[in-house]
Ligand SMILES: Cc1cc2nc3c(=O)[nH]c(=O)nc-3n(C[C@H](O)[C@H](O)[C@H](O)COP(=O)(O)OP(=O)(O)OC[C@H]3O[C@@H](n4cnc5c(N)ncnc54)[C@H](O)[C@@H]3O)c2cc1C
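Below you will find one chain, with nothing else, as structure tokens; this is the form predicted on its own, and questions on how it binds or moves follow later.
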């Protein structure tokens, strides 16, 4: 194993997806003796375990593979480097007995346990907003899914769904749902989005929905679901009725923030994940936050890079025991919905299609400005640290402002 042992203290990583596993691997490579990953599922690997399409691993593993193979590779690497994997265990809360220690409270199959940690990395990920959170009225029949529940049913459990579906949403994950439905032998009657056009890349839209002649209904949403035992139809906000037996709600990402809130962490307005600085510190000493818990929702390999990069900050904490006095938010103006730090810069989203230049200012001085272009909702926008006039780290004591020059 490369590196030198820097501490006998335990680091606990909460979440066994790409971000959490990558953080644990990097910490072991850098010499942390005791690294424990706590994962509530019976198997580590996260969402890629049940997303069978290609597209995983390019940024971190430097090869393209399927989701299950990507997840398996990360788990194998973690075990090879001596990471302790605690699957089937749920973190229920934290205690802070001293300024330099955290007690991690677990619920396990054998009963409650506690782990004492010198540092905790929160990597609990993100979930899609289901029908209930979207307040879609109508009957409560079988056949209503999110993309995640659909993929688990089809890929992990090899079950069939319906024969004719409506996909709610038209962002990247929505077109992934089209592929999963096709794999399950279910045709797609339509994709619907309240926005004026879809939000994915043209090539992806053509390769999935376009290839299967799936119509994308824009500026319309689902107003009602009809059906008693099984979905029979959906009614759209323009009054159109589409007969179907399956409805898939996609996107609308919400971070798995319950533990972060329980720890008293401040949340980023709009993104609803814990607020972090450029080194991924939160407002609680010894707690770091990474991945889609912080920036919903990036690809798995981007989250994996977060995991690798947070290891340096964790090592700094273990050796120097220094923590920032305050974690300041990045101020945004509409149509920017939110902005937050990630390991290699700033990531943000807009909430409408807008043409113009994005501008980042600090103390009234422009730190970065883009070329004029059209910015797309539900699509990742990244400002890399190297593109700014100064790196993001010196901004810790002063607020940044992000707006659009139309």
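Positions refer to the first chain, counted from 1. Values in this document were obtained by computation on a predicted structure and should not be read as measured data.
Only in words, not in the display: the form predicted together with this ligand, which the text now covers.
For the options 53, 379, 63, 33, the one in contact with this ligand in the predicted complex, meaning a heavy atom within 4.5 Å, is 53. If you check this ligand in the predicted complex, you find a heavy atom from every one of 47, 124 and 176 within 4.5 Å. Contact with this ligand in the predicted complex, defined as any heavy atom within 4.5 Å, is confined among 234-242, 77-85, 265-273, 296-304 to 296-304.
At the 4.5 Å threshold, heavy atoms of residue 152 stay clear of this ligand in the predicted complex, well away from it. Using a 4.5 Å cutoff between non-hydrogen atoms, residue 39 counts as a contact of this ligand in the predicted complex. Mapping the unseen interface onto this chain, residue 90 counts among the residues with a heavy atom inside 4.5 Å of this ligand in the predicted complex.
Taking the partner from elsewhere, residue 259 is found to have a heavy atom lying within 4.5 Å of this ligand in the predicted complex. In the predicted complex, 14, 15, 16, 17, 18, 19, 20 are the residues of 14-35 with at least one heavy atom within 4.5 Å of this ligand, listed from first to last.
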